[in-house]
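Encoded as structure tokens, the following chain is the form predicted alone, with no partner shown.
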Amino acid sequence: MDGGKFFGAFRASSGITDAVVLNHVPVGCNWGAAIFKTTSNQFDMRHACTVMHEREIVFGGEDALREALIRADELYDTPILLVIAGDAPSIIGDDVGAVVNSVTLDAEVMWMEAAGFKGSMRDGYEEALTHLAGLMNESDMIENSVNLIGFSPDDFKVDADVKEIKRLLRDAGVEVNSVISKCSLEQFKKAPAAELNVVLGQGSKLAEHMKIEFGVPYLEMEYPYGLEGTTQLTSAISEELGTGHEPEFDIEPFKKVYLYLHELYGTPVSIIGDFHAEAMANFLNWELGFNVEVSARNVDDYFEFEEGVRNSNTTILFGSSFEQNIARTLDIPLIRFCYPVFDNVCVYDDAPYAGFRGAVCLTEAIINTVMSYG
């Protein structure tokens, strides 16, 4: 169920919002990386492909890459082309660096090797961000500012979640300098100006690199689901920066659905996902009083997870679109909350799942899904 190193590198690189990603891969790999992004923002498709076919596999894909670089530079108004070399060029030994150095373009070019079989999606994401860190510049520190590290542009609810987290930190007197990986090239370059890096689930290698190279300290925190998770995040950042902020939340919205929450108390559920999964399980367990029977990360044995769910009393499943088959087989509702989600869309950026407002929206989504199921 893991997308491999190529998918991770693509997700990290496409998070530079004014960059164009050039995938040096067969068309199927390019399609696979892109299709999960189409439900997040169809207006923001900034990637191209060298479209390797049998000829390139046999005789090499360097000519195709050179032509693609020239065409991409002509077609796109972008400050940088990010070339990701996937499985095929790695296997046949294309000299991607030599091709990149052989052309003179208006756009800056950076390339990275990311064959899917050489690591996990998490590995690809981490290594791509560390590689991109070569673009960063030494900058004067902005007091009470943070970088948020760990996002991807195709994360479910990413725009709404980022907006809510920024609102909470702004109330705490904290400025968000850059959101990585969901920022412009200029914002990425100026990331070292932040006083603190906050890693939300992934991106710790970049944070460690920035600590060594630029002296920026970092915190590693769980994704802020629920009232408690959000309080922990904002309190930790406030304490680290010394802003003296005490977060406050409003429980009035939950009183409106008290009877529904009372009926759902003790409901057996199961959950699977990426780094979001543990934080979601804590919210379901601590705050809604659900009984989390089976919990797993995507990197775990998926068949073991599926068997565990089948043998449990699970009545609600939390995961991604990949869990549709299990939910249908067991005839239980599925709450989609983490990558990849390709059968739901997120249009409105005021309905987050993260933060205090997200706790309300997520609770509402759970109740409505259960009430309408069947």
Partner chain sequence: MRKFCVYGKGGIGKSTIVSNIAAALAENGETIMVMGCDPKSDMTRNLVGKRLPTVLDLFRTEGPDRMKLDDVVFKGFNGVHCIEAGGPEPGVGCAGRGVITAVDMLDRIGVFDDIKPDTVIYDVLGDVVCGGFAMPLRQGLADDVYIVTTCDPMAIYAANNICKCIKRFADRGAVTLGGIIYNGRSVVDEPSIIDGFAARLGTKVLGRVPMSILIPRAELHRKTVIEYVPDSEIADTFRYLATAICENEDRVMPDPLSDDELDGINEEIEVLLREREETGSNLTGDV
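All figures in this text were calculated on a predicted structure; none of them were measured in a lab. Positions refer to the first chain, counted from 1.
Beyond what is shown, the protein has a form predicted together with its partner chain; the following relates to that form.
For this session: Taking 4.5 Å between heavy atoms as the contact cutoff, choose which of Ala98, Ile142, Ile92, Val257 touches its partner chain in the predicted complex.
Result: The residue in contact is Ile92.
Exercise. Could you tell me if Val347 has a non-hydrogen atom within 4.5 Å of its partner chain in the predicted complex?
Worked result: So Val347 does not count as contacting its partner chain.
For this session: Would you check, heavy atoms only and a 4.5 Å threshold, whether Trp31 touches its partner chain in the predicted complex?
Result: No.
For this session: State yes or no: in the predicted complex, is some non-hydrogen atom of Glu54 no more than 4.5 angstroms from a non-hydrogen atom of its partner chain?
Result: Heavy-atom contact with its partner chain at 4.5 Å: present for Glu54.
Exercise. Is Glu307 a contact residue for its partner chain in the predicted complex, using a 4.5 Å heavy atom cut-off?
Worked result: Answer no; every heavy atom of Glu307 is more than 4.5 Å from its partner chain in the predicted complex.
For this session: Counting only non-hydrogen atoms, choose the one of 335-343, 319-327, 22-30, 60-68 that falls within 4.5 Å of its partner chain in the predicted complex.
Result: Selected range: 60-68.
Problem set entry | Contacts with its partner chain in the predicted complex - residues in 242-271 whose heavy atoms fall within 4.5 Å | Read in sequence order, no residue approaches its partner chain (within 4.5 Å, in the predicted complex).
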